[in-house]
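Okay, here we've got a single chain as structure tokens, the form predicted alone, with questions on binding and movement later.
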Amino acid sequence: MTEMKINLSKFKGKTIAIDGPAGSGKSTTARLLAARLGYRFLDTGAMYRALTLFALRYDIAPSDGGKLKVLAEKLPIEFKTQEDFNRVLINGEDVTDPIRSPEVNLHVSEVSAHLGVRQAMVAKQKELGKNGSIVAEGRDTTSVVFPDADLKVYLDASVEERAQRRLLDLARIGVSTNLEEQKADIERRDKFDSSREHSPLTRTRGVIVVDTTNMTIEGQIDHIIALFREVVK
């Protein structure tokens, strides 16, 4: 597929926020979109996953909002771009693969639901994105982190398709599971993320919904760039 030519100077300093449920293609699409635009990629979900990983390492219960808030404020999360791929670093340790483990998947929704945790993380995210030229993805990027983004996109897909994608992602890092387990996990996370008290997953005013069920990643990127061109005249 031939990539569309892009006038990067026209888009300088703009912000694209992408959210949606688990497995909708947010991270991959946002990462590759950022590369196409020459933007930085802010994976807010990876930040909550990194926090969850270290909470488990330090035996902090996912229900302990107080201790999690303190950890969130102190955890030195860094992103390093390597061949258009975001590596997640904590104190120099590459945790890109460990934060995608089933154990982290199981607890990340509960960890990220605490008000203190979200306040600490959102402050970090706003600071990282304050100069624009960024593609940010996560479950509250369009509603809380960057509500005034130049383009706000909500990616969605069927539960079956999202489970298939998650199955492939886990297989790549050597995790054995099956489709039914992943469908159940996605349905659980959808319910939790949509009903939590603080920063629930929601479709905000001004967001453009893109159903990715039958779209390739390249098709998603081209579609979002077309939307961006309409917004940034």
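As the structure is a prediction and not an experimental result, all values here were calculated from the model. Residue numbers run from 1 along the displayed sequence.
Heads up, the form predicted together with a small molecule isn't pictured, but that's what we're talking about next.
- Of the candidate stretches 58 to 66, 28 to 36, 190 to 198, 174 to 182, only 190 to 198 has residues with heavy atoms within 4.5 Å of the small molecule in the predicted bound form.
- When contacts are judged by a 4.5 Å heavy atom cut-off, Leu151 does not count as touching the small molecule in the predicted bound form.
- Contact annotation: Arg100 falls within 4.5 Å of the small molecule in the predicted bound form, judged by heavy atom distances.
- Using a 4.5 angstroms threshold between heavy atoms, Arg162 stays clear of the small molecule in the predicted bound form.
- The small molecule in the predicted bound form comes within 4.5 Å of no heavy atom belonging to Leu155.
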